[in-house]
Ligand code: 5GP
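Below, in structure tokens: the form predicted alone, a single chain.
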């Protein structure tokens, strides 16, 4: 599905912008940080300056994408600075987020208080198009980074020649492709492998990125993973659905840091009969829901109907505004209802 306005509108808006803010979603993952960082490096290459802002902290393993000279601003930690950057911007580009709800406390500053032109570049289903002046959305790609690379290659600055793209930008894009496909295990399109091949031709060090992203965890993170699999995983629905509970007590016990649970939701899918997996994580005031599935089992519909969320057919998420103690029963009952309807 495509919801595209002429990409020329994007380049025209960038050409006329003098103060550009690049925004990624809350709890930013590799595609969010990768696309924000990639756009920053591309704009810098073309003589434009931009500031990068995300609502809260991102995992340490993505720090390799964070420019030391001009680091990504964290709204939760640097609220007044971020609000000033947003207020001063004449162009705001949102990447890898389908709408205002994806940036939590930043939403008012960006969508209510700011008079800047607003651009969306995204690959999620059902973008909130009315919130933006320019929308470039394509769900038939692996990631926002893949979509962004296609746009950049078509720009006058690059003219289809990947060798003209700076390596920092290419590396950030490659990180988004690696993470949003779980190292090419899901969400793959023919274009995905073609684009990654181009990035390798440009000189992206795939081994370096893989080690930074997938092989840089702490020992406590590995211990937490073992504990969750052995003690906190429940299999229901005749062995076809699994869910894992990650509560605050376990976070504290295993010295949890942002990003430590990355990939945990995929682990139960390695079990032969499991078709759907959920990671249910206790947070402040809500339970974060991460969902994955195999084949044609639609977790996007489940997330929308039962978890105040959405996403893609095989990868979605949401939030439950209940206690962690209530979550197992709620999830089990919701699964039973969902499969009865199906």
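Just so we're clear, the structure is a prediction, and the values are computed from it rather than from any experiment. Residue numbers count along the first chain shown, from 1.
The same protein also has a form predicted in complex with guanosine-5'-monophosphate, omitted here; what follows describes it.
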property	result
is_contact(residue 315, guanosine-5'-monophosphate) in the predicted bound form, heavy atom dist at most 4.5 Å	yes
Exercise: residue 37 in contact with guanosine-5'-monophosphate in the predicted bound form, heavy atom 4.5 Å	no
is_contact(residue 288, guanosine-5'-monophosphate) in the predicted bound form, heavy atom dist at most 4.5 Å	yes
Residue 59 within 4.5 Å of guanosine-5'-monophosphate in the predicted bound form, heavy atoms	no
Of 202, 118, 83, 124, the one that lies within 4.5 Å of guanosine-5'-monophosphate in the predicted bound form (heavy atoms)	124
